[in-house]
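Just so you know, structure 1 and structure 2 below are the same protein chain in two forms, each on its own as structure tokens.
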Structure 1
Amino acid sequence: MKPIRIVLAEDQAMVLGALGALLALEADMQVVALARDGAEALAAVRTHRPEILITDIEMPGLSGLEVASALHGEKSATKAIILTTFARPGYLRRALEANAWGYLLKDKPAEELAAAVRRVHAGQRVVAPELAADAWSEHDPLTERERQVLRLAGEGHASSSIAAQLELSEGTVRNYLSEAMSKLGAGNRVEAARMARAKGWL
């Protein structure tokens, strides 16, 4: 009986180590590499060709979603499980579009991780049930420009500063923000940025 070989990616070293310890306790699993960012994760998967990649989303450089996308693009046999803090419909949608096999929340009991690994290894998809319904309910109504402008606005940049960074005129920036606010039903730019972020659209 060959063990399930796993690569783990997570940017907080202590959490990474702890999850590694958790999985190492399972007799039928073997953690073959630990990665602290998306680039390391991608490299580790390419050299070790594990059955399973478990990856966080928010990591420096490449995000976990981008890693899953890249693997899907190169037709890797490794199945990706996204493990994240955030129950954001947009994240799940992007995960499914990247052909991820699992989407798990860090909120869930620790036992569910090993269980999910086994189910995915057996060819089942595993998705946090509280999100399954939401995923396709609302799609991101924002254009790419609106997202860029919203991101900066959410960080406290003034219109003039956003305009300078994106090489737009200030009026255009205000127009994009106004559009985004009305699409999202927000009363101001900050609220709009928070709403979009909560949905996983930024």
Structure 2
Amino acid sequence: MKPIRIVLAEDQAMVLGALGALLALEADMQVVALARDGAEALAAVRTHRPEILITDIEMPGLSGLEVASALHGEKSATKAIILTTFARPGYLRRALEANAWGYLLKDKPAEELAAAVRRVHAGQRVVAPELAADAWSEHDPLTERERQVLRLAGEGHASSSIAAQLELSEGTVRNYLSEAMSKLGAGNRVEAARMARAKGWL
């Protein structure tokens, strides 16, 4: 029987290595590539066309959710499983909207991850049960563009830098930030980013 081919994406080298070693112990699984950020993950999936992508959410550049969304937009056959420390309903909801097939927490035993990979490979969705009930409890008010701008602002980028990265004018960036701050009731961009991140909206 052909093994389930997996790409792993995680920006912490020790966690990435440990996950790769654990999954390599499974006779029916093969880790074909390791990625340290979202762009690497997307490139690895396009190159290797694995059955499964296991990705963290918060990584440099593209987030795991953005990678899952990009693959969905490309009609990729690779099924994304989000593996994260963040037990935030907002993240889960965005993962489901990005057509992720799984959402699991890192504090679970390795056997649960392997079992989830097999279930997703078989066409089942797998969601951490402690989050499932809360996934739709609170509306995310941010648009995708507001989210991108706010995430970069939260990382300390100035409006000019954000404008250059997203190919927008500085005035447009300021408008997006102002709108996001208004929606969140935040006094400044840093507070707005912190509030949105705590909700799982970034």
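The first residue in the sequence of structure 1 is number 1, and each one after it adds one. Quantities reported herein were computed from a predicted structural model and do not represent experimental measurements. Rigid core here is just the name for the largest C-alpha set that superposes within 1.5 Å across the two forms.
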Checklist entry - Do you think the form predicted on its own is shown as structure 1, or as structure 2? => result 2
Item to check | Flag for residue 182, CA shift 2 Å or larger between structure 1 and structure 2 after aligning core | outcome: yes
Checklist entry - Can we say the CA of residue 196 moves by at least 2 Å between structure 1 and structure 2 when the core is superposed? => result yes
Checklist entry - Upon rigid core superposition, what is the positional shift of the Cα of residue 171 between structure 1 and structure 2, expressed in Å to one decimal? => result 16.2
